[in-house]
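Just one chain is shown here, as structure tokens, and it is the form predicted alone.
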């Protein structure tokens, strides 16, 4: 599965694109089940969600569950990023999941931000998420400001360029069906919208980048083998983060082993 010419154009011109029907339902539901087990909730019982914070993005510190790896090694997902990046030798991020409950009346929109320095060409690339269940635009969906992306070179000349008032810009909410994927440029300011629906938003964050040096591959492989979260996740100290995480067996395909750094790309 590759991005079409129109999808590539949208990604280049608007900073994001949504692709439907990428990840099978069996894989997305397995991640929902793994997230529910980790949180100790029943997805069908709102009474079990009340302990979850309704502000923010609903981040759940789960990185190495086999269900997440089944999504990461799904060929269609990998091929979309390979198409966007223009390379085949890729490594996958050790990112996590999100369970964003319906928002309370005092909800405050999380700030619009970049997860990397958009002024640094070495940090350009793409990020992404998989909607694990159908998600409406007003259900805490991914949201972004393409207007700033389109004039980013001028925007970052401002002294306060990291401060974004969403009321001054056109904010685009990007929901999607179960199994849909949103890919966005790291130069695009983004957040997640208010969830005014009765159901939570379920998301797995996932992205790929160009494979690097042998030393970096070995470092990634050790982290996967030891089930350790990324250093940036450890620094964030999200409640419930385990280091290391439980050592569950991973059923990785040849592609999965390569994107996890467990095997070099040049050994076919």
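Residue numbers count along the first chain shown, from 1. Worth saying up front: this structure is predicted, and the values here are computed from it rather than measured.
What follows is about the form predicted in complex with a small molecule, which we do not show.
Visitor: What I'd like checked is whether 57, 191 and 205 together line the small molecule in the predicted complex, meaning each has a non-hydrogen atom within 4.5 Å of it.
Guide: Yes, the whole candidate spot contacts the small molecule.
Visitor: Mark residue 129 yes when one of its heavy atoms lies within 4.5 Å of a heavy atom of the small molecule in the predicted complex, and no otherwise.
Guide: So residue 129 counts as contacting the small molecule.
Visitor: Answer yes if any heavy atom of residue 201 is within 4.5 Å of a heavy atom of the small molecule in the predicted complex; otherwise answer no.
Guide: Answer yes; at least one heavy atom of residue 201 falls within 4.5 Å of the small molecule in the predicted complex.
Visitor: Residue 138: heavy atom within 4.5 Å of the small molecule in the predicted complex?
Guide: Looking in the predicted complex, residue contacts with the small molecule do not include residue 138, since no heavy atom lies within 4.5 Å.
Visitor: Residue 113: heavy atom within 4.5 Å of the small molecule in the predicted complex?
Guide: Although the small molecule is absent here, residue 113 would touch it in the predicted complex, with heavy atoms inside 4.5 Å.
Visitor: I need the one stretch from 182-190, 159-167, 117-125, 68-76 whose residues put non-hydrogen atoms within 4.5 angstroms of the small molecule in the predicted complex.
Guide: Checking each option against the 4.5 Å cut-off leaves 182-190.
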